Ligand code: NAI
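Let's start with one chain on its own, the form predicted alone, as C-alpha cells.
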Amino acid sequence: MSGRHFALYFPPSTKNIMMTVGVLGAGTMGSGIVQVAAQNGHPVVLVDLNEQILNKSKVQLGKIMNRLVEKGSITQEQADQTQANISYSQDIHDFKNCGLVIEAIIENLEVKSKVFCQIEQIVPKGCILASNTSSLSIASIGAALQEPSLMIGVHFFNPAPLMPLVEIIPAVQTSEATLKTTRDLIDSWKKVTVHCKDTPGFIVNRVARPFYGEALRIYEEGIADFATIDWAMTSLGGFRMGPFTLMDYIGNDVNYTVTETVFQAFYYDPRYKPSFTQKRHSEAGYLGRKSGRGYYDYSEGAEKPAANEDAVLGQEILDRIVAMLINEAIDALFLNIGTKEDIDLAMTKGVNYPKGLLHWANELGLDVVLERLESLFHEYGEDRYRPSPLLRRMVRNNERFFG
C-alpha cells in the first residue's frame, strides 16, 4: 500500500470540483452508468479491453445525445459537455485518478475479485470500489482486497439513465464512511437509492423471483400458455410487462443465471428453484429479443399468439403470482433485507410494479394472502409455498404494514 496517495473527494453539494468516476465494462449497463455520471458533471473514465465494444459505446452515446437534443431534453451544449466528460480507454491504469470505480462486467465472482485486486493497486488510497453485480456477494468480492472497507455494491437497473432505482449494498466489511459517501453521491445523480442487506439477489432480484418462477410453474402445469399468463399480469394486474415478455426482454440466459445463482446461494431453497423450461430455452439459444426468438417469435412478420382472455382463469393466475410475490416481500422484511419503505420503493422504482407489494398486501388483506398461500401449500405439499412467519404473526395479531 506504500507509495499510494489519498484521493481527493469533494461532495458535489459542497465543492465545485467533481471527483473522477471510473467504469469498467462498456456493455449496455456500463455505458448507461457512464452516461449518468457524465451528465451529472463528472469526468468519467470508461475502460474495456475490447476496442470494438468500446467504440460501439462511444458511437451509441453520441446517438443518444443527439436524440436528447432533438427532443429538447437537453441543449447541444449539455450534450457536447457530457461527451467531453468521458475518456475511453483499454487500460485499467487510467483509473489512477479516480475517487470511485464501478465495475459492470461478467457475473463471475472469481473474475470480479481478480479485477478489483488489480484496480486497488492502481487507484488512489481511499478510492471507493463498487460492483454493479445483481446477485453476487459483496463480502466475497471485498474479501480479496487489502482495504475491504472501501468495497460496496451499487446495483443500477437497465437502462441505467432511465431507471431511477439504485440498490446500495454494504458488505459486512464496508465502512460507514464508504456507505454514506456512496449513497450521497448516487443521490446527487437524481437516483432513488435503497439500502439493502448483502444477501443473494438483494431486494429486487430476490423479491421478483416468483414473478418469473411461478409464471413458469403455471405454464409447466399446463394451466395456461405464455400469452395468457402475460395477459393476466398486464391487463388484470397492471404490470407493465408480463413475465414471459419481460424474460425475453432481459434475456433468458441472463435471467436463468440470476435464478440459478440465487437458488444456489440460498442453499437450494425450493422457493428459488429454477425452471427446466427456461433452461431449455436458454440452451436452445432462444434468448429472447436479442436472438430473435424466446418465448415469443420476434422475426419479421411473426405474429404474437392470442391469449385466452378468460377472466376467471386470469384472476387465478394473478392471485397466485401476486401472493407469492407478497410473501417474498414480507420475508425480505422479516429477515431485515431492507425496510418496508425501501422494499416497496425498490419494486416500484426498480421493476415498475404497479404498486408496492406490502401496500398491495394491506389492500388485499393479509389474511387473504395467507389463505391463498396455505391453500397452495396444502395442495402441493412443497416448501416452495410456505408462508413467511411474519405474515402468520401479523395475521394472528391483526396488524398491517402501513396505517
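Start at 1 and count along the sequence shown; that's the residue number. Remember, it's a predicted structure, so these values are computed and weren't measured experimentally.
This next part talks about the form predicted in complex with the ligand, which is not shown.
With a 4.5 Å cutoff on heavy atoms, residue 273 does not count as touching the ligand in the predicted bound form; it lies far away.
Mapping the unseen interface onto this chain, residue 310 falls outside it, with no heavy atom inside 4.5 Å of the ligand in the predicted bound form.
In the predicted bound form, at least one heavy atom of residue 48 sits within 4.5 Å of the ligand.
Residue contact with the ligand in the predicted bound form: residue 339 places no heavy atom within 4.5 Å of it. Within 4.5 Å of the ligand in the predicted bound form, a heavy atom is found for all three of 106, 132 and 158. Of the listed positions (284, 306, 172, 111), a single one reaches within 4.5 angstroms of the ligand by any non-hydrogen atom in the predicted bound form, namely 111. None of 368, 335, 64, 53 but one reaches within 4.5 angstroms of the ligand in the predicted bound form through a heavy atom, and that residue is 53.
In short, of 64 to 72, 371 to 379, 27 to 35, 351 to 359 it is 27 to 35 that has heavy atoms within 4.5 Å of the ligand in the predicted bound form.
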